[in-house]
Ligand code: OGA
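Only one chain is shown below, in C-alpha cells, and it's the form predicted alone.
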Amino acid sequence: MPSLAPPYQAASTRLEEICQTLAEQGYVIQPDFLDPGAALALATECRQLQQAGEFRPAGVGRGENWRLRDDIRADQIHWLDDTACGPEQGQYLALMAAYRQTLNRQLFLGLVEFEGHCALYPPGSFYRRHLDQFRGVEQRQVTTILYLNEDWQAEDGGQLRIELDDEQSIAVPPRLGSFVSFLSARYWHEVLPARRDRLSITGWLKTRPIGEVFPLS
C-alpha cells in the first residue's frame, strides 16, 4: 500500500469519526472530506481515461443476468485497478484500504476488499432507485462515494437521493470533495438527472464470498 500524500493523510484522520457515525445511523455525509486540489487531480485522471476511450456504458445485474438498461441507468464507468492506475487513483485506493481497516477494527465487519469505479453521468442521465447489494449475493457491505464536481450549483441537479425510511429521504449534492458512505443492504437510493457532467468515484467494501478465504488486514 503506498504511503498517503498530505491531502489523503488529512482525510484519513476523519475515518474514525466517519466509522462512528456509520455505526450510529447507518450512513454518513462528509462535506469537504478530500482537499479540493486532490479532488480536482482525481477528476483530471478520470477525464483523461474518458478521453482515451476507457469508459464503458454501465449495466445492471451480474453474471449472465447483466444487461444494458438505459431506462434504469445511463452512466459510463471505468473500473479501478490498483495495478494499473494513475497516482491520484492509487492514493484514493490506499485511503479506502485505510477506511476498510478502520471499519474492521471498530465495527468487526470482516471486510476483505474494495472495488470501485469512476462514474460519469452525462447531462440528463440518471440511475433509478436501487439497492447496492445483489439479490442472493451479500458481499457488498458498505458503499462509498467521492464526488469530483467543481462549482456544483443547486440548479445543476444530479443529487443522490437516499431513502432513510418510508417517509423520509435526504438529497446530497455531488459537490467537489464530498464523501458519502452507507450500509449497502439498508438504503434504497437513486441518482437524479443532472444538467451537466457529473463525476464521482463509487465503490463498495466487501466481505469474502462464501467458501473462499482471504486474509484480513
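Residue numbers here begin at 1 and follow the sequence given. Note that this is a predicted model, so its numbers are computed, not measured.
Just so it is clear, the following notes concern the form predicted together with the ligand, a form of the same protein that is not shown.
The candidate stretches are 60-68, 188-196, 23-31, 36-44, and the one lying within 4.5 Å of the ligand in the predicted bound form by heavy atoms is 188-196. Proximity to the ligand in the predicted bound form, defined as a heavy atom within 4.5 Å, holds among Ala94, Ile145, Ala74, Val112 only for Ile145.
Proximity to the ligand in the predicted bound form, taken as a non-hydrogen atom within 4.5 angstroms, holds for one residue of Leu49, Leu160, Leu183, Leu176, which is Leu160. When the ligand is considered in the predicted bound form, Tyr127 lines it closely, a heavy atom lying within 4.5 Å. Using a 4.5 angstroms limit between non-hydrogen atoms, Asp132 touches the ligand in the predicted bound form. Taking non-hydrogen atoms only, His117 approaches the ligand to within 4.5 angstroms in the predicted bound form. Though the partner is left out of this view, Tyr99 does not reach within 4.5 Å of the ligand in the predicted bound form, counting heavy atoms only.
Although the ligand is not shown here, in the predicted bound form the stretch 43-60 places no heavy atom of any residue within 4.5 Å of it.
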